[in-house]
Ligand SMILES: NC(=O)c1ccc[n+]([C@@H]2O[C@H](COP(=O)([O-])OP(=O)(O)OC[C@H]3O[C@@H](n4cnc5c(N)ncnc54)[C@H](OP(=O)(O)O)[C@@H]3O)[C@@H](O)[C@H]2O)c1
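Single chain ahead, by itself, as structure tokens, in the form predicted alone.
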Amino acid sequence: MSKRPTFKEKYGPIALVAGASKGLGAAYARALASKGLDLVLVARSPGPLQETATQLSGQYGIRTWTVPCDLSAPDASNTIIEATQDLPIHFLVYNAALVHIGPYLQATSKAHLDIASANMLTPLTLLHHFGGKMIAKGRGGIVIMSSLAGFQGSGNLVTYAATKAFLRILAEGLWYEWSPLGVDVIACCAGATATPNYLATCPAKASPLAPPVQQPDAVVEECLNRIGKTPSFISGSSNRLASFFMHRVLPRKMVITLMGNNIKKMYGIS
């Protein structure tokens, strides 16, 4: 009977985490470092990015490379690809995302295009490049962070929610195409998570029945346990229960209205 490979044997030696300096991205980096994978860390701010890299190298004895990069920039994908051209990357986490909270027309068209670039266009190119290399080697893993906001139209999160729906469908389609070729793909559909970016928006609780805010490490642990077993999943049992009720019980119109009203209440939008 053959021995089951370790996570590092299956997905190592190097992982790339986009959006890695804090929050969920930093949690993914910690979890992967604890499994012995060397890391390429990508984020916009060089200072926090280097701090994360230095901490993980010291704590886990791994190698790290940092790539400061604005993932909404037109040349973002080329910057990352050129910086990693000599590195055997067999695990990719795309966690980065931009969001506009508020009415659609209160943001400029450029702001919406930047959201689309960071949340859809850059990951498309990176998936094509790194996924192709993984397919050629016959092994690899890819995590794409989606969101419960993408399960229905979400007023005051319009473009963000639409991009997260795109990412979930993209991941599920790639799971079908690539899993027989040895590359695992999963979409992690997270609810509210206590990341620095989320907490900085100072959200109020939308409803006494709203699922509790998850911790980043819990989301990451569940995702890394599920990859290779399912094309997508909703993190957290409370989120799964709420999603079941909203999408299997309530009419679609009511679900969209509830989501929009909740966002209004959370952020004091009139």
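In this text, residue numbers run from 1 along the sequence as written. What you are looking at is a predicted structure, and each value in this text was computed from that prediction instead of being measured.
This protein has a second form, the form predicted in complex with the ligand, left out of what is shown; the following refers to that one.
Contact between T84 and the ligand in the predicted complex is not found at the 4.5 Å heavy atom cutoff. Although the partner is absent here, Y104 is not a contact residue: none of its heavy atoms lies within 4.5 angstroms of the ligand in the predicted complex.
Though the partner is left out of this view, L24 does reach within 4.5 Å of the ligand in the predicted complex, counting heavy atoms only. Although the partner is absent from this view, G131 stays clear of the ligand in the predicted complex, with no non-hydrogen atom inside 4.5 angstroms.
Distance criterion of 4.5 Å from any heavy atom to the ligand in the predicted complex singles out A192 from the list L174, A162, L127, A192.
Look at 96-104, 133-141, 151-159, 178-186: in the predicted complex, residues with non-hydrogen atoms within 4.5 angstroms of the ligand sit in 96-104. Looking at 138-174, the residues that come within 4.5 Å of the ligand in the predicted complex, counting any heavy atom, are M145, S146, S147, Y160, K164.
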